[in-house]
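Next comes just one chain, in structure tokens: the form predicted alone.
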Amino acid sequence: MKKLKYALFTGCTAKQSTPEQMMSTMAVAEKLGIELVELTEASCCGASHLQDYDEFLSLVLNARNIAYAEKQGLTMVTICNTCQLNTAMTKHKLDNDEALKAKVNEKLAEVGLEYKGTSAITHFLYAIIDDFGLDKIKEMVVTPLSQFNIAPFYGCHNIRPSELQNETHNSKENPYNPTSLDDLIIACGGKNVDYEEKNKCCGFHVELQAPHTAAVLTGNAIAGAMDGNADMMVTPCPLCHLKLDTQTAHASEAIGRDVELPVLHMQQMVGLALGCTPAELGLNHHLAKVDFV
């Protein structure tokens, strides 16, 4: 099998608020023999807020990030659902509108860059599933997670809009009944928990505008996993992780019951199954204690 190599767009959160996600991403990549070339020149994707104020600036910003991957001649891999949405949305718009692409490239030329549309964009979750393969993951598992009931939490931006996201990976994901994260849990030897809230919003992007609504969404997600007898939750999005791991007090108050579960990044779960140590995966960085390791 040819060695997989990607241009890694880390986004902001994995380098600041959730450094354990960056640690576990690199640890898992090493275990799988995947080479990740970090795009150190890249900047924030706009976090799904910038385009509300200046859509063109958002397109230029994301096209600039993609252009750095194109200079490497590599597929860009993201580790944040919101980064995935913004970069994939930019690529879709520019690849289907030559006039807009030319206008964006006028600005990029000021910093010596050009967006060509030659690099694909995918989330690390789908790179593992589509490119590496679940069967190979199963073969490499050294510590099956068979004693754990694991609740997948997909988040919004990796599965919606389905027409856009299904352009970026081979595993056609149904936003009403997603399966990728469930399949990965099973490949790691765990028991996947099916619950109503697994494909709902965590509340992150409405926190400033409607904090009570955000807290209710967070609380309902954790409560649904708990009611499904989950031992932990797992998510491919660091923004979802921040809500589910750090906002349990607000969430508990909002829905009128105590809710808290260990919440792992997708990479941490895979890393545990592959035999990575808790230190390599940054499992001591969580607010909800990960004390089962």
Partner chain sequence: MSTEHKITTQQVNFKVFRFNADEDYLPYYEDYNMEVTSEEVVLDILNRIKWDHDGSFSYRRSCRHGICGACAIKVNGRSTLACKESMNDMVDLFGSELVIEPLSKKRAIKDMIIDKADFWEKHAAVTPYLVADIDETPESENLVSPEDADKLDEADLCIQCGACHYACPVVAINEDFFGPAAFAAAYRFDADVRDSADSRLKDVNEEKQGVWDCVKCFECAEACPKDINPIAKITKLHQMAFQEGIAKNNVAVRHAVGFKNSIVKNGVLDEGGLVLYSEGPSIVKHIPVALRMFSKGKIVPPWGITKSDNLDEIKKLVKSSSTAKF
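Remember, it's a predicted structure, so these values are computed and weren't measured experimentally. Positions refer to the first chain, counted from 1.
Not on display, but discussed next: the form predicted together with the partner chain.
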item	value
Stretch from 110-118, 128-136, 184-192, 142-150 whose residues place a heavy atom within 4.5 Å of the partner chain in the predicted complex	110-118
Answer option from 69, 61, 259, 27, heavy atom within 4.5 Å of the partner chain in the predicted complex	61
Triple contact flag 16, 44 and 156 to the partner chain in the predicted complex, non-hydrogen atom at 4.5 angstroms	yes
The partner chain contact in the predicted complex: residue 252, any heavy atom under 4.5 Å	no
4.5 Å heavy atom contact, residue 32 to the partner chain in the predicted complex	no
Residue 287, heavy atom within 4.5 angstroms of the partner chain in the predicted complex	yes
Non-hydrogen atom contact residue 12 with the partner chain in the predicted complex at 4.5 angstroms	yes
Stretch 50-69 - residues with a heavy atom within 4.5 Å of the partner chain in the predicted complex	50, 51, 52, 53, 54, 55, 56, 57, 60, 61, 64, 68
